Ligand code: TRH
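One chain comes next, on its own, written out as structure tokens in the form predicted on its own.
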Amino acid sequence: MTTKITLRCDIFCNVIDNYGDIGVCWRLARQLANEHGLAVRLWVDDLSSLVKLCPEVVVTDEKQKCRGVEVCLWSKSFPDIQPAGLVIEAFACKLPQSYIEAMAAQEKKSIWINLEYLSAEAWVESHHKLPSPHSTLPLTKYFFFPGFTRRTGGLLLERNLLTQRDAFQNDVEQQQVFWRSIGMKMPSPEILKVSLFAYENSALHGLFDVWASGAQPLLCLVPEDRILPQVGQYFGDTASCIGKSYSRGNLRVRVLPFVEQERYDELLWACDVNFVRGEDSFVRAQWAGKPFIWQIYPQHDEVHLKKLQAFLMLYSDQLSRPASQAVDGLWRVWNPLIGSGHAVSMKIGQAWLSFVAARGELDKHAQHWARQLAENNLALNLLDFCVEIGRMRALEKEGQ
């Protein structure tokens, strides 16, 4: 159990991918503030990215309070401020030099955490919580790795999220409210409901082909994002926009406005299969307890494929061989190295049919997987680690 601590916390976020980095930081900031009582300042260098996640943010305001968090613009001319007791450097962004020097000048040093990217690779366990002394200043930074095993930092999970999920999925009225909120009637049970949140993907048109020609009616919900031009192109619409619906064969596609974080969870809960991308939506799909397909953020040196394989091995460990092969096959085609055109269309079609055939087992596995992950909560682990560092420092002081 986490020891009660009172801390001010500064979280620094350098927006690289439109919503991935800020998505994680915004969730963590709100959880630390609203569930654990920390006074949190979120320093972000691009407020326009946060507006999509929190519409009440005013882009022109350099300092504002939103949903329990003080949101501050991280500009080049960084203010002269007192560092917080807990400093979280998200994804190895470089803190302002003046802030680092202010940390070093304090008698009681801040706890400085580098919150790393999520990975299922084996080496993460041995690097989690490792110290990194500053080369010239009396400061130590600690690496904190999110992950999927008990020897990592775990995943972000709000206190009542799984209870809310179960209530939603067992309450037809709540589901009807959700469908009305996106301007639709609740689909009939025989319609397969799929959410599609993705980067540009050469396999998309082949996937749409197999959905359109399939025996089962399929509704695809596409939140506003980078893949939208490809969606419109498939249906011969060069001006694809929010609110439009498209149909071909047994496929119906509905384009949604960008979905806020809380409502994105409901979208995942309401669908039967979820396509997700990056880190934040990837984690939320796992909490949804539904079969999902992950498009990992592509890196030029193809390091991302090693990360994809590491997670597949972990996730598929308790699946039967046919179900494991179905997941592996569809994920690999959805993260393609094989070019574009007819070859992709053929492979995505075969992969999708195998995946759907395994849905019964994949449904049960997704629910079991979410229960397993829920035992390792990132925010709680982070606060426990702060207590651990505090005790270690106290012992060192006593020994001097």
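Just so we're clear, the structure is a prediction, and the values are computed from it rather than from any experiment. When you see a residue number, it is the position in the sequence shown, counting from 1.
What follows is about the form predicted together with the named molecule, which we do not show.
Residue in contact with the named molecule in the predicted complex (any heavy atom within 4.5 Å), chosen from F143, Y117, Y246, W74: Y117. Note on the partner interface in the predicted complex: the residue among F258, F78, Y315, F168 having a heavy atom within 4.5 angstroms of the named molecule is F258. Within 4.5 Å of the named molecule in the predicted complex, a heavy atom is found for not a single one of H205, I293 and W331. Using a 4.5 angstroms threshold between heavy atoms, E266 stays clear of the named molecule in the predicted complex. Interface residue remark: G278 is counted as part of the site for the named molecule in the predicted complex, having a heavy atom within 4.5 Å.
Taking the partner from elsewhere, G20 is found to have a heavy atom lying within 4.5 Å of the named molecule in the predicted complex. At least one heavy atom of Y297 is located within 4.5 Å of the named molecule in the predicted complex.
Only one segment in the set 37 to 45, 370 to 378, 23 to 31, 56 to 64 has residues whose heavy atoms sit within 4.5 Å of the named molecule in the predicted complex; it is 23 to 31.
Residues F197, Y199 are the members of 191 to 214 with a non-hydrogen atom no more than 4.5 angstroms from the named molecule in the predicted complex.
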